[in-house]
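The chain below stands alone and is given as structure tokens, in the form predicted alone.
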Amino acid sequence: MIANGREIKVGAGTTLQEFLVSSGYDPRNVAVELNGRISPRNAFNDVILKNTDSLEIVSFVGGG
């Protein structure tokens, strides 16, 4: 799988939610594009990742 331009292997049955948490992302504060389409946050637990997938993950940062 490619995530933000880096090749990463994912285990069978890994959900998008599990991947985000194990990679240090807070799923409440990211937008995810999976294979060119925005993945709704409420579907993160339902999306099973494959090693052929492509992800772009953008974190929201607060500040002022």
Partner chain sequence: MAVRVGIAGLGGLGSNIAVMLVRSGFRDLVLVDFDTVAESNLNRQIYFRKHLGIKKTEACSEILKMIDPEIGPVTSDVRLTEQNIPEVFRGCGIVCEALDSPEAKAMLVNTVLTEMPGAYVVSGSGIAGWGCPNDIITKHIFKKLYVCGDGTSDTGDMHAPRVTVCAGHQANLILRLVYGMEDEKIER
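Worth saying up front: this structure is predicted, and the values here are computed from it rather than measured. Residue numbers count along the first chain shown, from 1.
Below: the form predicted in complex with its partner chain, not depicted.
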In the predicted complex, does each of Val30, Phe60 and Gly63 have a heavy atom within 4.5 Å of its partner chain? yes
Please tell me whether any heavy atom belonging to Pro40 falls inside 4.5 Å of a heavy atom of its partner chain, as the geometry stands in the predicted complex. yes
Looking in the predicted complex, any heavy atom of Glu56 within 4.5 Å of its partner chain? yes
